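We give structure tokens for two forms of one protein chain below, kept apart as structure 1 and structure 2.
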Structure 1
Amino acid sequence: MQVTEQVLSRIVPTPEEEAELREVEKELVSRIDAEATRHDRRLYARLLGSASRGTWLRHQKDLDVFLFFPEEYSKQEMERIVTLIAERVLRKVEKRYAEHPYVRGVFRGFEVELVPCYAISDPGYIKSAVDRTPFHNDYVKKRISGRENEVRLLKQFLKGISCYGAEARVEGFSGYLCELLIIKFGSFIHVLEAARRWQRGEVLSLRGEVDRKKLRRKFSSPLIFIDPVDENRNVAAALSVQKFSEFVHAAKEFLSRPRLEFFFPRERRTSAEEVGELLSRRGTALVALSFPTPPVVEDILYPQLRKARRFFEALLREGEFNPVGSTFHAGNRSFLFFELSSSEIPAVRLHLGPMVNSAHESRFLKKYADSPNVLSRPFIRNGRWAVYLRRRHTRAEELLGEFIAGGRLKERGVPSHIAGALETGGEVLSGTACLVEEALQTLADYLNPRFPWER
């Protein structure tokens, strides 16, 4: 049996599962419709997303229901009505905010997203990204019939190599992008065969000829796939260079030696001992910032974690610590990890001043004549004044600790939610204290990276 057949046997829903989904869907949509018409007869609900297009994966019990409003409704009003309906129909209701508010809840064991949108006739005149979804649904449904399992293979492959999902946590391929790739190339294997030749700045379209150069100037992502329902939109806009490259490499590897591990990778098991051993072989030092994970959606959290990581890496570099690299983990608590050449640097630093006999000379000489942080008197080096100064911080932990104790972190450039979390519950860890249980796998992946199919 071919690898892809083995995979399909595990990811295509059984007829019973499909029947259950259709039944639940029907009941859910009719209950929402019934509630909605009590508010306004013009409102109506529709199931969209992969369950509607027949491209969902087995065990994936998600239903995306869109509630359509006339354009005169305000966002606030839509949000209010959607919330009221959800509270009547669903259990465990939570409000969510992305670009647009929506509601999550549970219905007969299925995860439901109830999303308000405008009933619009032309996708060129949408008010918000969610208004485009019905058009995506129609476009795909018309063209995907008979190739649903090819979409499923591609999705499972991307899941297996950790590249599935356009959300900020992953920065990978969305479900809609998978469907368009199958429509474009015809099959899972044909997508991989195309991908093995992709270069950064690849341009794809379902509309015939495009101006590649112009599109590359307009969209900066490594892959550009023009949305067939809106030519001003790049469906792959959220794809990072990292995930693009990983996918291209995985495609090549899979084609040269197809195996099940690409779809169902082994879990990586690690231990504090293994991570400690990796570190000691490298001869580096680990420091970390730890803080309660801010209670915000992942699409806000992850970009802030990445930005905070860059911010503190720059802070350490400015303090003349030499960061080898960094990584982060978000779980019960969040962690920013920094690997340093050494957690301790010398007290002395050479400070170069103005030219001898220049205008700024006397100010320099006065300033450093008997400053408490000088390690020498001013001296001349190659025509310039110089002085040996005592560094404020010789240990990375001190530098980070004092920075955080200084407060006003947001004003000093730390992303807002991370700033708040550090101020209320921030901690600086160093050495073995960094080897916290929940972040061990993140650390192992950073210190000894493995492709998922090679674990």
Structure 2
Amino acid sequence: MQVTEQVLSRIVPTPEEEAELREVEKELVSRIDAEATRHDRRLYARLLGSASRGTWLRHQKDLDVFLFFPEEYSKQEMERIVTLIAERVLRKVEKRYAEHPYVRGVFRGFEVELVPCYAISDPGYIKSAVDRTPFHNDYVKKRISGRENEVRLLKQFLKGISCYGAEARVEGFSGYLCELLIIKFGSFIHVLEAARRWQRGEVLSLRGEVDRKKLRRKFSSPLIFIDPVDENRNVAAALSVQKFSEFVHAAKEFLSRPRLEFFFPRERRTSAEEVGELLSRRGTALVALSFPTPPVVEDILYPQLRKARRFFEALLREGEFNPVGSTFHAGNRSFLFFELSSSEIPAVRLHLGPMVNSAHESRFLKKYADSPNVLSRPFIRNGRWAVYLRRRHTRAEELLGEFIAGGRLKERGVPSHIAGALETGGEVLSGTACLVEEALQTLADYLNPRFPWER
């Protein structure tokens, strides 16, 4: 049996699962419609997404239901009505926020997202981003028939190599992008054959010839796929360079040697001892910032974590601690990890000043003649004035601790939610204290990176 046939036997829904989904869909939409008409008879619900298009994966019990409103409704009123309906129809209701609020809950064992949108007739005149979704749904349904399993293969492949999902946590390929790739190239294998030749700035379209240079100036993502229902939108906008590159490499590797591990990788297990040994072999030092995970949605949390990691890495570099790299983990608590050439540096540093007999000579000599941080009198080296200065911080954890203790972190450049969490519950960790149980996998993946299919 070919690898793809083995994969399909595990990811294509059984007839019984398909029948269950359709039964649940019918009941759910009917009940939402009944509740919606209590508020306005013009309101109606539709199932959209992969369940509607027949590209959902086996055991994936997610339903995306959109509730359509006339355009005169305010977003606040839409939110109010959707929340009321959800509370009457769903269990475990929780409100989420994107461009405007939507509701998540459970119905007969299925995870349900109930999303308000405007009932518009032209995608060129949308009032919010979700208003495009019905047009996406209709476009794909008309063109994907007979190739649903090819989409499923591509989705599972992307899941296996950790590149599936356009959310900020992943920065990968959305389900809609997977469907468009299959529509364009015809099959899962043809997508991989095309992808192995891709380079950053690749432009794809289902609209015929396009001005590639113009599109590359307009969009900065590594892959540009023009939305067939909105020529001003790049479907691959969320895709990071990292995930694009990993997919291109995985495509080449799979075509060279197909195997199940690309779709279903082995779970990587680790321990504090293993991570400590990895760090010991590298001869580097580890410091971390630990803080309560801010109670915000992932699409806000993860961009702020990435920005905060870059901010503190720059702070450590400015303090001359020479960061080798960094990573982060979000769980019960969040952690920003920094690998340093050394967590402790000498107290002395050489500071070079102006050339001898230059315009700034007298100012330099006056400034460092009697400074408390000076470890030597000014002297000449290779035609320039120089002085040995005392570093303010010789240990990385002291630098980080003093910075946090100084407060006003948001004003000083730390992303807002991370700043608040650091100020209320932040702490600095170093050495073995960084090897916290919940973040060991993240550290192992950073210190000894392996592709999922190589585990």
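The term rigid core refers to the maximal set of C-alpha atoms that superpose within 1.5 Å between the two forms. Please note that residue numbering is based on structure 1, beginning with 1 at the start of its sequence. Since the model is a prediction, treat every value here as computed from it, not as a measurement.
Query raised in the report: With each form of the chain shown alone, which structure should be assigned as the form predicted alone?
Result: Looking at both, the form predicted alone is number 2.
Report task. Decide which of Arg412, Glu344, Ala194, Gly54 coincides with the hinge of the rigid-body turn seen between structures 1 and 2. Result -> The hinge residue here is Glu344.
Query raised in the report: Can you give the angle in degrees by which the smaller rigid part turns relative to the larger between structures 1 and 2?
Result: Here the smaller part turns by 11 degrees.
Report task. Just grab the Cα shift of Asn357 between structures 1 and 2 for me, core aligned, in angstrom. Result -> Once the two forms are fitted on their core, the shift reads 5.7 Å.
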